[in-house]
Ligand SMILES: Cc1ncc(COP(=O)(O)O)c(C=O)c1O
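Encoded as structure tokens, the following chain is the form predicted on its own, with no partner shown.
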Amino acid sequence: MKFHSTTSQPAIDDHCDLRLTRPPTALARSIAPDRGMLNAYLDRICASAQYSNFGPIHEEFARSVCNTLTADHALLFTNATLALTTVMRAARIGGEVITTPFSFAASAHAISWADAKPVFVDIDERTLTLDPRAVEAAITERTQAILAVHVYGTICDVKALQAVAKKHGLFLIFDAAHAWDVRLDGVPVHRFGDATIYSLHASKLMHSGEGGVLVCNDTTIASLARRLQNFGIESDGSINVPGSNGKLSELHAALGLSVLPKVDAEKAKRRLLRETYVERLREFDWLQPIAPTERATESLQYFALQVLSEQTEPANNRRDRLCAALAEVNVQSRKYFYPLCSDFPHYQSTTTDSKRDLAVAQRAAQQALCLPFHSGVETHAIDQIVASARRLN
């Protein structure tokens, strides 16, 4: 797979014609399953007539997930949000949970659905992940847990957060929705903290259409989470806790098994695309790609930029103008994450004492922009991104 311009390409500024003749370049594109594998799994499902309730395809997928992630055990859920809510329920988290405002809404929503209260603190200026110093400064007698997010697959300062959690006796959860099979110094990210969730949503690199994975390093809590995801049913059939229904179906497990073998090839193409983006956008000092974590494998989930504004314009003006310019040439982009979770009306009362306490997160929300990032991105789309940026210089 090569990304390069040729003389046969339309002129780089010929965006009006391109908009009329080419389909939109999507921000994301799901890996298509291996159809032969999927059909074989569907035949097995139909022959067994078991479509849910931890069937044989589910168990096979669980083993494959464990092997891929190098996990001792993993619980498959209908989605990552429910996995996150369930592990907080299993850990009996009901007080305050310190978390980042710079994340997808599900992170904060899961805390609320677990009947706890999200407390937002600022992020690190370099990694855009939860700042351990801000976390420790926000701890009160009501704090019970920390929920940190590996934003864009950039790994949090896991060791510093572990030290804070251990010092104050807090449950530490990592949201690794963007960090499928990412390792830090060769160690899987779920080895850090008490629990980690991964997303298998269709928008993710590895997916099962809908789905989530919970890896919990506390076997007692993991065992309770397993019961909670199945109505609270014990091994003897009795029910002693109020559970929910979070099981992954056989159909979704089959889809996941049929996608998994194609992930490495997609990663290779995205790695090349990332290198191409970095090289082609190097001429713009106001476009700063968010670099992967040092000593960590790349998640290759997103290609995110910080769009720096000129001193004479509002903080988000150049980012918004670039987003609009890309839309004009049918190239999708996303202001991700904007607005901050702390700006949602129902979380206004959970922000810290002053909006200045979230200064880094607020700036990130005004600057961040994700570009199309998948193997379907073609050369002409990259040309149009470069051309659009040049028009804003």
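Here the structure is a predicted model, which means the values were calculated and not measured. Residue positions are given as counts along the sequence shown, with the first one as 1.
What follows is about the form predicted in complex with the ligand, which we do not show.
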| item | value |
| --- | --- |
| Partner-contacting position among K204, R318, K247, R270 - heavy atom within 4.5 Å of the ligand in the predicted complex | K204 |
| Candidate from H178, K117, H252, R226 lying within 4.5 Å of the ligand in the predicted complex - any heavy atom | H178 |
| Listed range touching the ligand, judged in the predicted complex by heavy atoms within 4.5 Å, from 216-224, 180-188, 74-82, 258-266 | 74-82 |
| Heavy atom distance at most 4.5 Å to the ligand in the predicted complex, all of A106, V149 and G211 | yes |
| Partner proximity in the predicted complex: S199 to the ligand, non-hydrogen atom cutoff 4.5 Å | yes |
